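Only one chain is given next, in structure tokens, and it is the form predicted alone.
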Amino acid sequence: MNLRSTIATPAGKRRFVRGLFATIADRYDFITPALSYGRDRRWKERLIGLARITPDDRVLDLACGTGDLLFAAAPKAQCAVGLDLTFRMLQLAAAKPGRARTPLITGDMLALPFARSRFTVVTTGYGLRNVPDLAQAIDEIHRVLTPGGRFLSLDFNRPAQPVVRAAYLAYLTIVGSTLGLLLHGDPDTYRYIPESIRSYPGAEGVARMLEQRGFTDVRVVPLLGGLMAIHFAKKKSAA
């Protein structure tokens, strides 16, 4: 079965993503800047700036990986918690200097182990595109946010213009296949990125889903000429 068929179903995508991130965890802090030509850090700084975190905020960072967004948010907030599906990612995050006091939890974005309205801010970097059920993930984020709470997501976009989309996916396929082969002996390792984008609704599609599932003030902030995007949204305040 090829990669596209493997991730075509929620169950198949769940299995593949679990194995993928366990495989790439130790290379994650190298590959993310490499694929973005060093721009990833600036995009994450932009997201944290848009979040406008205050000392009263309780922050949850989903798919926290090795902790870039989490550790940028933590000094600004009352508290910050990181959650990731991959235990090895959390081990690497915990080993970073000065990070011992930030809670790190192994968990699934589709079944968050937190009470309703627990957090005032939820962030994620490259998280929504990887979940097997995007609608369910958005519902879980909505559930754990307080009324008026903010949600911010950084991810690849799926360009609407067919020629641009084809060129973008071709570039990611060539680069991803090469890096996957060199670093892991398997071209599918990073070829997953363009394949996941093919079935992703794109920035505008995600924005519509957020609005349909109880979020307001939804904004898309384009990055890299629209090839990447940050979403900003608020949970509707209580009437």
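Sequential numbering from 1, following the sequence displayed. Values in this document were obtained by computation on a predicted structure and should not be read as measured data.
What follows is about the form predicted together with a small molecule, which we do not show.
Here is the short version: of Cys64, Val59, Ala51, Leu210, the single residue with a heavy atom within 4.5 Å of the small molecule in the predicted complex is Cys64.
Checking Ala93, Met109, Ala74, Leu134 against the small molecule in the predicted complex, a heavy atom within 4.5 Å turns up for just one residue: Met109. Stretch-level contact analysis of 123 to 131, 74 to 82, 139 to 147, 161 to 169 against the small molecule in the predicted complex, using heavy atoms and a 4.5 Å limit, identifies 123 to 131. Interface residue remark: Tyr28 is counted as part of the site for the small molecule in the predicted complex, having a heavy atom within 4.5 Å. In the predicted complex, the small molecule sits beyond 4.5 Å of every heavy atom of Arg191.
Although the partner is absent here, Val17 sits close enough that one of its heavy atoms falls within 4.5 Å of the small molecule in the predicted complex.
At the 4.5 Å threshold, heavy atoms of Thr102 stay clear of the small molecule in the predicted complex, well away from it. Judged against the small molecule in the predicted complex with a 4.5 angstroms heavy atom cut-off, the residues Phe21, Lys44 and Thr86 are in contact without exception.
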